[in-house]
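This document opens with one chain alone, in structure tokens, the form predicted alone.
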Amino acid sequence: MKIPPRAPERGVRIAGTGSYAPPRLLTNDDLAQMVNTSDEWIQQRTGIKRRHICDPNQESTITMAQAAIEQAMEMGDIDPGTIDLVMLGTTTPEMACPSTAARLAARIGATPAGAFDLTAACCGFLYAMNMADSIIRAGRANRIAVIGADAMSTVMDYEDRTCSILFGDAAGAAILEPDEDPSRGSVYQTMHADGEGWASLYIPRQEAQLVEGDDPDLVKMGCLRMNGREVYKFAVTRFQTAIKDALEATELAPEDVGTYICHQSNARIIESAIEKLGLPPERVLINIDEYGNTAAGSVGLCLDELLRGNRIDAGKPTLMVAFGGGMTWSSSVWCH
């Protein structure tokens, strides 16, 4: 049996990024007309002012993902025919079968690239980035398209204040490829989950899936359910632990990191981490005021905003962290 030679040691670089958020806005005042809330109440607790929402007649997870990855291909001058794998992190796929990633690959001309959806809630993009980095380092692929996209408005009950005030729609994308410098790319990464806490954030499809305490007469099937108090406790703890562990594992001090890219779930959670961990606040992007929580789209959206704004210090590592339903949490220390 002939065994192919091992791939030479190599690093990974980001060849291009892109993002998309629908032009349609849903403001806090708009929500106040739909549910018992107010702009002041929402801003005080979350930092959110508005969120972008798909036009159901024209936009969806796949259209947002396509817009984001096409931007990334344009930035990197990438021929879609050279893409080996398309990985789409999403909680809102177009359908169960086929995967949205397979249809996306066909739309952008990446066929016959491998393609699959990855379900890790708000960690979807970062899980995919970590996996793509490892696959490229192993020599199993040379160019991978990574997308995080969620049309959260399609799973919202806008009569439920707990969830509806938080989420928006968006997509973020990156194209990864090999680099001759093995020190580039993800030098430290984690992907974790604890399914014991699944009931704190879930989307029931039928009455039998409801957790104790959820009234079937009040629950809209196919819509997100959230135990806000439990999710907040989990997020605060795991978010800070993920950052602290990544810094300790790489022997980095908070000021050694050039940019912190955090999943945008709640501005108060990010602000708490800045204070308790001593992070330089000017290096931590907070854009949740404009977009809300865009789930799997969040980290990729932030990455693209920072790169296009020349706001990433390439001379220092970038630390990306995310957490979401599952419950899941993830991190990646990236060297440019």
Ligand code: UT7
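Counting begins at 1, following the sequence as shown. This structure is a prediction, so every number in the text was calculated from the model and none was measured.
What comes next is about the form predicted together with this ligand, which is not displayed.
Enquirer: What stretch, of 271-279, 60-68, 301-309, 31-39, brings heavy atoms to within 4.5 Å of this ligand in the predicted complex?
Expert: The contacting stretch is 31-39.
Enquirer: Does this ligand get within 4.5 angstroms of any non-hydrogen atom of residue 188 in the predicted complex?
Expert: Although this ligand is absent here, residue 188 would stay clear of it in the predicted complex, with no heavy atoms inside 4.5 Å.
Enquirer: So in the predicted complex, does any heavy atom of residue 228 sit within 4.5 Å of this ligand?
Expert: Although this ligand is absent here, residue 228 would touch it in the predicted complex, with heavy atoms inside 4.5 Å.
Enquirer: Is residue 151 near this ligand? Define near as a heavy atom within 4.5 Å, in the predicted complex.
Expert: The answer is no: residue 151 has no heavy atom within 4.5 Å of this ligand.
Enquirer: Although the partner isn't part of this model, could you tell me whether residue 266 comes within 4.5 Å of this ligand in the predicted complex, counting any heavy atom of the residue?
Expert: Residue 266: contacts this ligand in the predicted complex.
Enquirer: Quick one: from 103, 161, 137, 143, grab the residue that has a heavy atom within 4.5 Å of this ligand in the predicted complex.
Expert: Going through each option in turn, the one that passes is 161.
Enquirer: Taking this ligand in the predicted complex as the reference, which of 120, 261, 165, 110 has a non-hydrogen atom within 4.5 Å?
Expert: It is 165.
Enquirer: Looking at this ligand in the predicted complex, which residues in 40-62 have at least one heavy atom within 4.5 Å of it?
Expert: Contacting residues: 41, 45, 46.
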